[in-house]
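The chain below stands alone and is given as structure tokens, in the form predicted on its own.
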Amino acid sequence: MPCECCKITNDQFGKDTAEADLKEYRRKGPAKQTRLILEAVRSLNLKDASLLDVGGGIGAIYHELMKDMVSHATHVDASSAYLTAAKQETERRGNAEKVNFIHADFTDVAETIPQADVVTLDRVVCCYPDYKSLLKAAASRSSRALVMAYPRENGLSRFVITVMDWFLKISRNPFRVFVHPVAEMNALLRAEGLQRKSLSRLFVWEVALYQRS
């Protein structure tokens, strides 16, 4: 049964949003922070790698990486609309047999998912209130590396997200966005055996690559 997180996410990231994002991806390619994630993963120089994409949206990360380095992917998402859009694009690209789709709150099902060479979280941590549980679960599924995009811990990010949350609140929308402490996230992943190897920044977003010690 879909969890409460799935219900909130389904309401926030519905069919119209998913279809618009898929159309934008087909027209322009991956978003800027997604491109940084792709660069980080490709820097690992892996071949026939397995990927676990947590909150993967329309699946842009594995759509791109299946061109050269990923042979199989698992996509876990709390939004059924995004999973539908991702499946549609996966089938269009002829990769239907290479992707496993799971509709769930990742932290609820992480232990049932096999480890992957690489785990990716593109703008997922900022949508999850309990970042510690999320990152511990993600780290436990990563055998070689983890790459994530999250809001920079600066005044601009805090202002943008505060405004977003204010509009969500007055519209009685239970969805929230968070700027989690970067130092604490880094320490948590280090305790899980992952060391930060690279860091890239945009105005609002930050992309970090972690590898197993």
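The shown structure was predicted, so the numbers you read here are calculated from the model rather than taken from an experiment. Each residue number is its position in the shown sequence, starting from 1.
We do not show the form predicted together with a small molecule, though everything after this point is about it.
Exactly one listed residue, out of 76, 99, 85, 135, brings a non-hydrogen atom to within 4.5 Å of the small molecule in the predicted bound form: 76.
Looking at the small molecule in the predicted bound form, residues 131, 151 and 198 place no heavy atom within 4.5 Å of it.
The stretch among 64-72, 178-186, 155-163, 50-58 whose residues place heavy atoms within 4.5 Å of the small molecule in the predicted bound form is 50-58. Within 4.5 Å of any heavy atom of the small molecule in the predicted bound form lies no heavy atom of residue 117.
Taking the partner from elsewhere, residue 104 is found to have a heavy atom lying within 4.5 Å of the small molecule in the predicted bound form. Under a 4.5 angstroms non-hydrogen atom cutoff, the small molecule in the predicted bound form lacks residue 110 among its neighbouring residues.
Taking the partner from the other structure, the small molecule in the predicted bound form has a heavy atom within 4.5 Å of a heavy atom of residue 127.
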